[in-house]
Ligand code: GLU
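Okay, so here's just one chain, in structure tokens, the form predicted alone.
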């Protein structure tokens, strides 16, 4: 009788393990200065706050929030705040490190930070979320500031939440300095000092990078089929701009449903349905529901993971038939999944390049506020496109020089800028 062998459990690494493994690999390839390597392997500051909030029913609940500040050699810390039940110190640490690489690669005068609250925002009313946000801001106190650490929207946070943070933070300052503190966050509503086009900056940047890739590869985007995981801000705007280039959205997946239509899905109609349905895709009649497990294996040219981290793994990477994975999310591909994609000849535009349109837009909002100027949306998108093109060319050049893939090329380009800064300035004292 044949004996059954137990199936090996899937290897599952957290985002922090992934980012540190990628960092170590890039540092080895470029022979990063040992001292700089030690500095960049640690976070500067890790903040955990527990704060009480009275809910609508009169009961008090205590929430836990985080802010991890990785490195500020290039300028103030910069990075999003997410409201999600996966938020913890390890996740914030990994995302903060990725932000340091992202801002360095983009040529911005920023460092890297990340944070958020361990919460499922769907379980709370708008008034409760406002109180939670304001109390979190107060708990962070002077650990954030327009020249120290500048948060921005991320998963489950938006312009409204940024406006509450800006108002709360500035209200704690003296009347004479309140207006010079409103740019403590970016991603604000336009009427509260926000940047025209900031809402679409990340998705616009994803598509700009796809266009650079297409030009580099001699690939025609017209008629190209693509699929998107996640239909929040990044997923929607990516679909919107890719469809404008003549590509066809054939599938969308979020936590509520997987939708498929070979004839193409109307991104605008799907967005309207989602907004009217509590940000859920479930029940949409413009496409058929599809087996979630078969999503990654759909026949298409471009895959855009725009949800959470560690979505493409050794369990599903082999099913991907696309020519390109454009990482709209942070860390959507784990180490083992990436190895399979590379073996199968699938190109990857890495997250620190692909989704950096958002932080570039944040930089222009911050600059606009500091200069007391107002810029038009076309001007903003053109500036984002130009900065991304420079970054893309840097990545391709470093990858070619070191005979590595684009992810390692992006890391090397980012680390090179940080290394040069430390070599020029030295270490105090």
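Residue numbers count along the first chain shown, from 1. Predicted model, so just to flag it, every value in this text is computed and none were measured.
The form predicted together with this ligand exists for this protein as well; it is not shown, and the discussion that follows is about that form.
Heavy atoms within 4.5 Å of this ligand in the predicted bound form map, among the stretches 148 to 156, 223 to 231, 286 to 294, 250 to 258, onto 148 to 156 alone. When contacts are judged by a 4.5 Å heavy atom cut-off, residue 330 counts as touching this ligand in the predicted bound form. Remark: residue 79 counts among the residues lining this ligand in the predicted bound form, judged by a heavy atom distance of 4.5 Å or less. Put simply, residue 198 is close to this ligand in the predicted bound form: some heavy atom of it is within 4.5 Å. Under a 4.5 angstroms non-hydrogen atom cutoff, this ligand in the predicted bound form has residue 358 among its neighbouring residues. A heavy atom within 4.5 Å of this ligand in the predicted bound form is found for exactly one of 353, 99, 92, 306: 99.
Using a 4.5 Å cut-off on any heavy atom, the one residue of 175 to 193 that reaches this ligand in the predicted bound form is 186.
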